[in-house]
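Taking the form predicted alone, here's one chain by itself in structure tokens.
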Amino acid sequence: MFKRHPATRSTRSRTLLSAALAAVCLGAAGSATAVEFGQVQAEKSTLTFVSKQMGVAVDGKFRKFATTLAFDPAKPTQGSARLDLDMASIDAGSKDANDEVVGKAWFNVKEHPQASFVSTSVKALGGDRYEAAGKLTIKGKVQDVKAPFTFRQDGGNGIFDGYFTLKRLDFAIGDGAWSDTSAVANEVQIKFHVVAAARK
């Protein structure tokens, strides 16, 4: 039977060893470039909304909210997000409006001081576009929502900009006379701008 020359076996062994080392090095390099953004910078992040009253767009915002985030653009499907919102921190444009919307007919802040969004999945849509799906809870009522967003890296920070639209009557926001959608539209657009540094 033909026997392989020892020098040939040695050369083959060195080739296999070199390939294995190269694979390890490439894997290490790939993991080194993976960056997870999760240190949210609250002072640079905003949560705003746009509603319509008598057909006129009205801007508002929430001054206090906490965001928990984990997002690696190389592995977007493993991303997660949670937002907890202080409902009493609403700024609806005037003191009268602020006093009205925290009442029982609207947010009923005494019984439901917080609202929350908890993601259940994240998917890539192509380019810098993604979509987070999850559960939105307001006044104890839960609805599924999808929030498309964009992501870009600015130095050591990740910038997330997105929105979703909710129907206020699904959450009993604006009971009684306020349920007339000709006065206050049912749809409210929520916009978020979140700045997060990379985890160390």
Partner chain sequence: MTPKRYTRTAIGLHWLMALLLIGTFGVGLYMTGLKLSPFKLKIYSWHKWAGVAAFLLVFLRLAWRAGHRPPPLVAGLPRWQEIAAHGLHHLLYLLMIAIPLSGWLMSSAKGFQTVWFGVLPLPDLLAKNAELGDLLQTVHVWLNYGFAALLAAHVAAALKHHVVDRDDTLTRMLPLLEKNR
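Positions refer to the first chain, counted from 1. Since we're looking at a predicted model, the values are computed, not measured.
Not pictured, yet referred to below: the form predicted together with the partner chain.
Looking at residue 120, you'd find every heavy atom of it more than 4.5 angstroms from the partner chain in the predicted complex. Proximity of residue 78 to the partner chain in the predicted complex falls outside the 4.5 Å heavy atom cutoff. A residue is said to contact a partner when one of its heavy atoms sits within 4.5 Å of a partner heavy atom; residue 73 fails this definition for the partner chain in the predicted complex, lying far away. Within 4.5 Å of any heavy atom of the partner chain in the predicted complex lies no heavy atom of residue 41.
Across the proposed site, 50, 163 and 165 without exception lack any heavy atom within 4.5 Å of the partner chain in the predicted complex.
Comment: 171 to 179 is the region of 143 to 151, 41 to 49, 171 to 179, 64 to 72 lying near the partner chain in the predicted complex, near meaning a non-hydrogen atom within 4.5 Å.
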